[in-house]
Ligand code: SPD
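Presented as C-alpha coordinates, the chain that follows is alone, the form predicted on its own.
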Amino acid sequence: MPELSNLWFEENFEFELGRTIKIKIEKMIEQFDSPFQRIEVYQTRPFGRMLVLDGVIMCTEWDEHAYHEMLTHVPMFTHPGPEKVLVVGGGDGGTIREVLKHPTVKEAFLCEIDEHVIRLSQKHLPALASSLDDPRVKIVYEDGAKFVKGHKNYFDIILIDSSDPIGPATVLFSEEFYSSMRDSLREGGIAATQSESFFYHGDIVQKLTGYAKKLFPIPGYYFTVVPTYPSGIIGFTFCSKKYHPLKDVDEKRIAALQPMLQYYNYAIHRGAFALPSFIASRIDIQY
(Lines give C-alpha, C1' and ligand atoms only; values in the text may rest on other atoms or scores of the structure.)
Protein backbone atom coordinates (compact mmCIF):
# COMPACT_ATOMS: atom_id res chain seq x y z
CA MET A 1 0.00 0.00 0.00
CA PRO A 2 1.28 3.53 -0.71
CA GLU A 3 2.64 5.64 2.11
CA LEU A 4 0.28 8.48 3.08
CA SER A 5 2.42 10.22 5.70
CA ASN A 6 1.71 13.67 4.25
CA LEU A 7 -2.06 13.15 4.06
CA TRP A 8 -5.01 13.62 6.36
CA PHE A 9 -8.15 11.52 6.51
CA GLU A 10 -11.27 13.71 6.43
CA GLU A 11 -14.57 12.09 7.36
CA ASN A 12 -17.39 12.72 4.88
CA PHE A 13 -20.53 11.92 6.94
CA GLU A 14 -21.03 15.48 8.23
CA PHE A 15 -19.06 17.31 5.55
CA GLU A 16 -22.05 18.82 3.70
CA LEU A 17 -23.26 20.27 7.01
CA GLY A 18 -20.00 22.14 7.43
CA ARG A 19 -18.39 19.91 10.03
CA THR A 20 -15.82 17.12 9.85
CA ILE A 21 -12.91 15.52 11.65
CA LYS A 22 -9.41 15.30 10.22
CA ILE A 23 -6.89 12.70 11.34
CA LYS A 24 -3.25 12.41 10.34
CA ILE A 25 -2.61 9.22 8.39
CA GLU A 26 0.66 7.30 8.47
CA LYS A 27 -0.39 4.69 5.93
CA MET A 28 -3.34 2.85 4.44
CA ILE A 29 -3.14 -0.74 5.62
CA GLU A 30 -5.82 -2.14 3.31
CA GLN A 31 -8.73 -1.00 1.15
CA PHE A 32 -11.45 -3.30 -0.13
CA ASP A 33 -14.70 -2.72 -2.02
CA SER A 34 -17.26 -5.27 -0.84
CA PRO A 35 -20.71 -5.69 -2.41
CA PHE A 36 -22.05 -3.36 0.29
CA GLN A 37 -19.42 -0.69 0.95
CA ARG A 38 -15.84 0.46 0.76
CA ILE A 39 -13.83 -0.84 3.72
CA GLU A 40 -10.58 0.86 4.71
CA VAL A 41 -8.10 0.25 7.51
CA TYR A 42 -5.60 3.01 8.25
CA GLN A 43 -2.67 3.44 10.56
CA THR A 44 -3.16 6.87 12.10
CA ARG A 45 -0.58 8.97 13.90
CA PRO A 46 -2.62 9.77 17.06
CA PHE A 47 -5.19 6.96 17.37
CA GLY A 48 -3.61 3.71 16.22
CA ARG A 49 -5.45 1.67 13.64
CA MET A 50 -8.77 2.97 12.33
CA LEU A 51 -11.63 1.20 10.55
CA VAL A 52 -13.58 3.26 8.00
CA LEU A 53 -16.72 2.26 6.08
CA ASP A 54 -17.75 4.39 3.09
CA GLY A 55 -15.71 7.30 4.37
CA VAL A 56 -17.14 7.18 7.92
CA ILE A 57 -15.06 6.29 10.98
CA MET A 58 -16.33 3.14 12.69
CA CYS A 59 -13.67 2.85 15.38
CA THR A 60 -10.09 3.56 16.33
CA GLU A 61 -7.93 1.49 18.65
CA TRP A 62 -7.43 4.50 20.91
CA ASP A 63 -11.03 5.19 21.98
CA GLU A 64 -13.14 2.21 20.87
CA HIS A 65 -13.51 0.96 24.45
CA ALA A 66 -15.62 4.00 25.38
CA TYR A 67 -18.17 2.99 22.75
CA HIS A 68 -18.16 -0.79 22.98
CA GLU A 69 -18.17 -0.95 26.77
CA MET A 70 -21.11 1.43 27.11
CA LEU A 71 -23.22 -0.15 24.38
CA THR A 72 -22.71 -3.55 26.00
CA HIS A 73 -22.45 -3.25 29.76
CA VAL A 74 -25.31 -0.85 30.50
CA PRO A 75 -27.94 -3.38 29.38
CA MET A 76 -25.89 -6.44 30.38
CA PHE A 77 -25.48 -5.32 34.00
CA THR A 78 -29.11 -4.22 34.18
CA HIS A 79 -30.33 -7.71 33.25
CA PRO A 80 -29.90 -10.17 36.15
CA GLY A 81 -28.47 -13.04 34.09
CA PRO A 82 -28.17 -12.64 30.32
CA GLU A 83 -27.56 -15.95 28.58
CA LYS A 84 -28.48 -15.38 24.92
CA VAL A 85 -27.18 -12.22 23.28
CA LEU A 86 -27.48 -10.88 19.75
CA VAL A 87 -25.20 -8.24 18.24
CA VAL A 88 -26.41 -6.76 14.94
CA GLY A 89 -23.61 -5.13 12.99
CA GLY A 90 -20.43 -4.89 15.00
CA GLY A 91 -18.25 -6.77 12.53
CA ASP A 92 -15.12 -5.30 14.12
CA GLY A 93 -15.76 -7.61 17.09
CA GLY A 94 -15.52 -5.04 19.87
CA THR A 95 -19.07 -5.50 21.16
CA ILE A 96 -18.82 -9.30 21.14
CA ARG A 97 -15.55 -9.00 23.08
CA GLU A 98 -17.38 -7.09 25.81
CA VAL A 99 -20.40 -9.43 25.81
CA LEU A 100 -18.18 -12.44 26.46
CA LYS A 101 -16.79 -10.89 29.64
CA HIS A 102 -20.09 -11.84 31.31
CA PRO A 103 -19.88 -15.42 32.63
CA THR A 104 -23.63 -16.02 32.29
CA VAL A 105 -23.48 -15.79 28.47
CA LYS A 106 -24.06 -19.12 26.74
CA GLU A 107 -24.69 -17.92 23.17
CA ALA A 108 -23.55 -14.76 21.44
CA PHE A 109 -24.80 -14.29 17.90
CA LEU A 110 -23.07 -11.79 15.62
CA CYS A 111 -25.29 -10.86 12.67
CA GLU A 112 -23.20 -8.87 10.21
CA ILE A 113 -24.37 -8.28 6.65
CA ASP A 114 -20.84 -7.82 5.28
CA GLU A 115 -18.48 -10.73 5.88
CA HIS A 116 -15.52 -8.67 4.67
CA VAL A 117 -15.79 -6.31 7.66
CA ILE A 118 -15.23 -9.32 9.91
CA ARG A 119 -12.45 -10.68 7.70
CA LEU A 120 -10.48 -7.43 7.66
CA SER A 121 -11.06 -6.80 11.35
CA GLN A 122 -9.72 -10.24 12.25
CA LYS A 123 -6.73 -9.55 10.04
CA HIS A 124 -5.91 -6.01 11.14
CA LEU A 125 -7.75 -5.32 14.44
CA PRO A 126 -7.04 -8.37 16.61
CA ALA A 127 -7.54 -6.45 19.86
CA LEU A 128 -11.21 -6.12 18.89
CA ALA A 129 -11.86 -9.22 16.79
CA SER A 130 -9.93 -11.98 18.58
CA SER A 131 -13.00 -12.99 20.64
CA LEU A 132 -14.89 -13.96 17.48
CA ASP A 133 -13.17 -17.36 17.70
CA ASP A 134 -14.82 -18.10 21.07
CA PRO A 135 -16.98 -21.26 20.85
CA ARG A 136 -19.97 -19.36 22.27
CA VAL A 137 -19.98 -17.06 19.23
CA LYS A 138 -22.17 -17.84 16.23
CA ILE A 139 -21.50 -15.62 13.20
CA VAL A 140 -24.36 -15.10 10.75
CA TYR A 141 -23.92 -13.17 7.49
CA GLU A 142 -27.42 -11.84 7.03
CA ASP A 143 -29.53 -8.71 7.03
CA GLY A 144 -30.08 -7.92 10.71
CA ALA A 145 -33.72 -6.98 10.32
CA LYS A 146 -34.55 -10.33 8.69
CA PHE A 147 -32.58 -12.27 11.30
CA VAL A 148 -34.36 -10.59 14.21
CA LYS A 149 -37.76 -11.33 12.67
CA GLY A 150 -36.86 -15.01 12.51
CA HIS A 151 -36.02 -15.34 16.22
CA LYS A 152 -39.08 -14.54 18.31
CA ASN A 153 -38.85 -14.72 22.11
CA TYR A 154 -35.23 -15.88 21.93
CA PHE A 155 -32.73 -13.30 23.20
CA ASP A 156 -32.11 -11.78 26.61
CA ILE A 157 -30.09 -8.90 25.15
CA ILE A 158 -30.01 -7.34 21.67
CA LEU A 159 -27.27 -4.83 20.88
CA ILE A 160 -27.46 -2.82 17.67
CA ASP A 161 -23.89 -1.86 16.80
CA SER A 162 -24.81 -0.24 13.51
CA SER A 163 -23.24 2.34 11.27
CA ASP A 164 -25.07 5.60 10.61
CA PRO A 165 -28.59 5.64 9.06
CA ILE A 166 -27.39 5.50 5.49
CA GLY A 167 -27.00 2.54 3.15
CA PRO A 168 -27.58 -0.97 4.53
CA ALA A 169 -28.07 0.28 8.13
CA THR A 170 -31.11 2.45 7.33
CA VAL A 171 -33.63 -0.29 8.16
CA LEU A 172 -32.23 -0.54 11.71
CA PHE A 173 -33.56 2.96 12.44
CA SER A 174 -37.20 2.13 11.65
CA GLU A 175 -40.18 1.57 13.95
CA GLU A 176 -40.78 -1.80 12.30
CA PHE A 177 -37.33 -2.94 13.38
CA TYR A 178 -37.85 -1.79 16.98
CA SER A 179 -41.09 -3.77 17.01
CA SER A 180 -39.23 -6.83 15.72
CA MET A 181 -36.64 -6.43 18.48
CA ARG A 182 -39.39 -6.39 21.09
CA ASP A 183 -40.81 -9.63 19.70
CA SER A 184 -37.37 -11.24 19.57
CA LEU A 185 -36.62 -10.52 23.24
CA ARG A 186 -37.56 -12.95 25.98
CA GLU A 187 -39.47 -11.86 29.08
CA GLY A 188 -37.27 -9.31 30.82
CA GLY A 189 -35.21 -8.75 27.67
CA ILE A 190 -33.34 -5.52 26.95
CA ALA A 191 -32.15 -3.91 23.71
CA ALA A 192 -29.69 -1.07 23.27
CA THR A 193 -29.22 0.63 19.92
CA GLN A 194 -26.63 2.99 18.50
CA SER A 195 -28.52 6.30 18.36
CA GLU A 196 -26.16 9.04 17.18
CA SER A 197 -25.21 12.33 18.88
CA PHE A 198 -27.72 14.44 20.78
CA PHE A 199 -25.73 17.52 19.76
CA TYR A 200 -25.86 16.85 16.02
CA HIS A 201 -28.77 14.46 15.50
CA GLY A 202 -31.56 15.49 17.85
CA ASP A 203 -34.26 14.55 15.35
CA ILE A 204 -32.93 10.98 15.15
CA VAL A 205 -32.67 10.73 18.93
CA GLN A 206 -36.24 11.95 19.33
CA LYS A 207 -37.50 9.49 16.71
CA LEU A 208 -35.75 6.43 18.15
CA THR A 209 -36.65 7.16 21.75
CA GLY A 210 -40.21 7.69 20.52
CA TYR A 211 -40.20 4.11 19.23
CA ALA A 212 -38.86 2.91 22.59
CA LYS A 213 -41.56 4.81 24.52
CA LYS A 214 -44.28 3.38 22.30
CA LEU A 215 -43.09 -0.23 22.31
CA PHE A 216 -41.31 -0.89 25.62
CA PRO A 217 -42.42 -0.48 29.26
CA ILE A 218 -39.06 1.02 30.28
CA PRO A 219 -37.49 3.25 27.61
CA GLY A 220 -34.40 5.37 28.02
CA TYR A 221 -31.47 7.14 26.42
CA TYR A 222 -27.87 7.27 27.63
CA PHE A 223 -24.57 8.38 26.16
CA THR A 224 -20.83 8.02 26.12
CA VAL A 225 -17.87 10.16 25.09
CA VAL A 226 -15.90 9.06 22.01
CA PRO A 227 -13.52 11.76 20.68
CA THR A 228 -13.35 10.39 17.11
CA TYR A 229 -17.14 10.35 16.62
CA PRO A 230 -19.15 13.37 15.42
CA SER A 231 -19.31 15.97 18.22
CA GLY A 232 -17.39 13.59 20.53
CA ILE A 233 -20.70 12.26 21.88
CA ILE A 234 -22.70 9.19 20.90
CA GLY A 235 -25.86 7.88 22.51
CA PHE A 236 -27.88 4.70 22.81
CA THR A 237 -31.61 4.08 23.01
CA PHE A 238 -32.43 1.78 25.94
CA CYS A 239 -35.43 -0.54 25.46
CA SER A 240 -36.41 -2.79 28.34
CA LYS A 241 -39.34 -5.11 28.88
CA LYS A 242 -38.92 -5.29 32.66
CA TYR A 243 -35.66 -4.14 34.22
CA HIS A 244 -34.87 -0.53 35.09
CA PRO A 245 -31.38 0.76 34.20
CA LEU A 246 -30.94 2.62 37.51
CA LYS A 247 -33.03 0.58 39.96
CA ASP A 248 -31.94 -2.87 38.79
CA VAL A 249 -28.27 -2.40 37.86
CA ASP A 250 -26.10 -4.92 39.71
CA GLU A 251 -23.22 -3.12 41.42
CA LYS A 252 -21.66 -6.34 42.75
CA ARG A 253 -21.40 -7.86 39.30
CA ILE A 254 -19.82 -4.67 38.02
CA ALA A 255 -17.21 -4.77 40.79
CA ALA A 256 -16.28 -8.34 39.85
CA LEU A 257 -15.56 -7.38 36.23
CA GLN A 258 -14.13 -3.92 36.90
CA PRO A 259 -10.47 -4.95 36.38
CA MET A 260 -11.39 -5.92 32.79
CA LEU A 261 -12.97 -2.54 31.96
CA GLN A 262 -11.37 0.73 30.88
CA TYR A 263 -14.28 3.18 30.63
CA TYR A 264 -17.41 1.70 32.17
CA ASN A 265 -18.03 1.66 35.92
CA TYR A 266 -21.00 1.91 38.27
CA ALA A 267 -20.89 5.71 38.53
CA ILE A 268 -20.57 6.09 34.74
CA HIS A 269 -23.55 3.76 34.27
CA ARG A 270 -25.79 5.92 36.44
CA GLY A 271 -24.44 9.22 35.16
CA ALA A 272 -24.87 8.28 31.51
CA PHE A 273 -28.65 8.68 31.85
CA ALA A 274 -28.32 12.26 33.09
CA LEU A 275 -28.98 14.32 29.96
CA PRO A 276 -28.63 18.01 29.12
CA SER A 277 -31.90 19.90 29.38
CA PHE A 278 -32.17 20.58 25.65
CA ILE A 279 -32.35 16.87 24.75
CA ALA A 280 -34.11 15.70 27.94
CA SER A 281 -37.02 18.01 27.18
CA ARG A 282 -37.28 16.69 23.61
CA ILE A 283 -37.39 12.99 24.48
CA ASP A 284 -39.38 13.46 27.74
CA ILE A 285 -38.22 10.30 29.52
CA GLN A 286 -38.21 10.67 33.30
CA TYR A 287 -36.59 8.41 35.88
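Predicted model only: the values in this text are computed from it and were never measured. Each residue number is its position in the shown sequence, starting from 1.
Not on display, but discussed next: the form predicted in complex with the ligand.
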Practice item. Heavy atom within 4.5 Å of the ligand in the predicted complex: which of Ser180, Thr209, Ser131, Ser162 fits that? Just give me the one. Key: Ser162
Practice item. Taking 4.5 Å between heavy atoms as the contact cutoff, choose which of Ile254, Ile234, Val41, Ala66 touches the ligand in the predicted complex. Key: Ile234
Point to revise | One stretch from 241-249, 24-32, 222-230, 257-265 that, in the predicted complex, holds residues within 4.5 Å of the ligand by heavy atom | key: 222-230
**Study point:** 4.5 Å heavy atom contact, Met70 and the ligand in the predicted complex
**Key:** no
Practice item. Indicate whether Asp92 is a 4.5 Å heavy atom neighbour of the ligand in the predicted complex. Key: yes
Practice item. Determine whether any heavy atom of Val56 comes within 4.5 Å of a heavy atom of the ligand in the predicted complex, and answer yes or no. Key: yes
Point to revise | is_contact(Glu98, the ligand) in the predicted complex, heavy atom dist at most 4.5 Å | key: no
